[in-house]
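Single chain ahead, written as structure tokens, the form predicted on its own.
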Amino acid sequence: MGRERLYRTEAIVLKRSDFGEADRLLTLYTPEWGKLRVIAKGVRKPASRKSGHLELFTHSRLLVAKGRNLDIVTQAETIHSFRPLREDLLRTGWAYYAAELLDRFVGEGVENRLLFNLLLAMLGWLCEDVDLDLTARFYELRLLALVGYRPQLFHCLACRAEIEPGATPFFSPASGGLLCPRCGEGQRDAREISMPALKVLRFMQTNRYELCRRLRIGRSLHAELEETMRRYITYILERNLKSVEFLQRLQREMSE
């Protein structure tokens, strides 16, 4: 359905950049229209009433006017500010990651209401939870499923055999998931994945977040899960995410 000359929408601010003397370019994610690029005029002026409602990661209700090149935000009202995401640097880093990951996977103007709901939930989880690495893995798995890249974690993608308990299968980004020990041996991009890591990924792929957030995972297992998912995402996107470097630097500094 086409947008009217003036239309209302909920939106989450994914990205923003300064434009001209006092304006901002915003990349939004909306439930009805997917990803939109809009302009917020005068929002950098000290007297602007819209600026506080258009902060990064804010969930707002907007009134938008159709423009010749870019649509223009005319009114904005905050629904959820997600303040902890701006008050804690690590939470900020993960919010950048969540927004950038979604931004890289979706084109403009493609509706995906479930993806909007996932991002909205993710920002809430990042405000509250302690094990943010676990939260990120759950988000990655759900996002991948919603954009058509759900990794196969239950049988071998080459011979279709189920992965037996006790076996050490391989995870192959190029194949889109698991290869059994026989099929994975010698495959250039395939790396072994431990059974504990596989069990965690399977659990998160098939259970709600309320159950998954209760998992308690050690540092070495976290590192394996992170590397597995990062290799898969980087293979699909054919690039590294800027927010990953920021997060890694931040985590190194915090552990020193």
Partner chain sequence: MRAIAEPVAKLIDEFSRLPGIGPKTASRLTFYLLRAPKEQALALADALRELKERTIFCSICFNITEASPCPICRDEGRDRSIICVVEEPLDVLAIERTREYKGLYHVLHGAISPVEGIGPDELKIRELLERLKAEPVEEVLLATNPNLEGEATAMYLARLIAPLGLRVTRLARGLPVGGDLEYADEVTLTRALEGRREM
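Note that the structure is a prediction, hence the values are computed from the model and not measured. Residue numbers count along the first chain shown, from 1.
Note that the form predicted together with its partner chain isn't included here; everything after this is about it.
J.: Against its partner chain in the predicted complex, would Arg8 count as a contact residue? Criterion: heavy atoms within 4.5 Å.
T.: Close contact is absent here: in the predicted complex, Arg8 is far from its partner chain, nothing within 4.5 Å, heavy atoms only.
J.: In the predicted complex, does Leu89 come within 4.5 Å of its partner chain, counting heavy atoms only?
T.: Taking the distances in the predicted complex, the answer for Leu89 is yes, it comes within 4.5 Å of its partner chain.
J.: Looking in the predicted complex, any heavy atom of Glu32 within 4.5 Å of its partner chain?
T.: No, Glu32 stays farther than 4.5 Å from its partner chain in the predicted complex.
J.: Looking at the partner-bound form in the predicted complex, is Glu55 within 4.5 Å of its partner chain by any heavy atom?
T.: Answer yes; at least one heavy atom of Glu55 falls within 4.5 Å of its partner chain in the predicted complex.
J.: In terms of non-hydrogen atoms within 4.5 angstroms, which of the given stretches 181-189, 96-104, 139-147, 154-162 touches its partner chain in the predicted complex?
T.: Contact criterion met by 96-104 only.
J.: Ok, Arg49, Lys199, Arg219, Lys66: which has a heavy atom sitting within 4.5 Å of its partner chain in the predicted complex?
T.: By the 4.5 Å heavy-atom cutoff, the listed residue in contact is Arg49.
J.: In the predicted complex, does every one of Ala223, Arg230 and Asn240 come within 4.5 Å of its partner chain, counting any heavy atom?
T.: None of them does, since no heavy atom lies within 4.5 Å of the partner.
J.: Residue by residue through 8-35, which ones have a non-hydrogen atom no more than 4.5 angstroms from its partner chain in the predicted complex?
T.: Lys15, Arg16, Arg24 sit within 4.5 Å of the partner.
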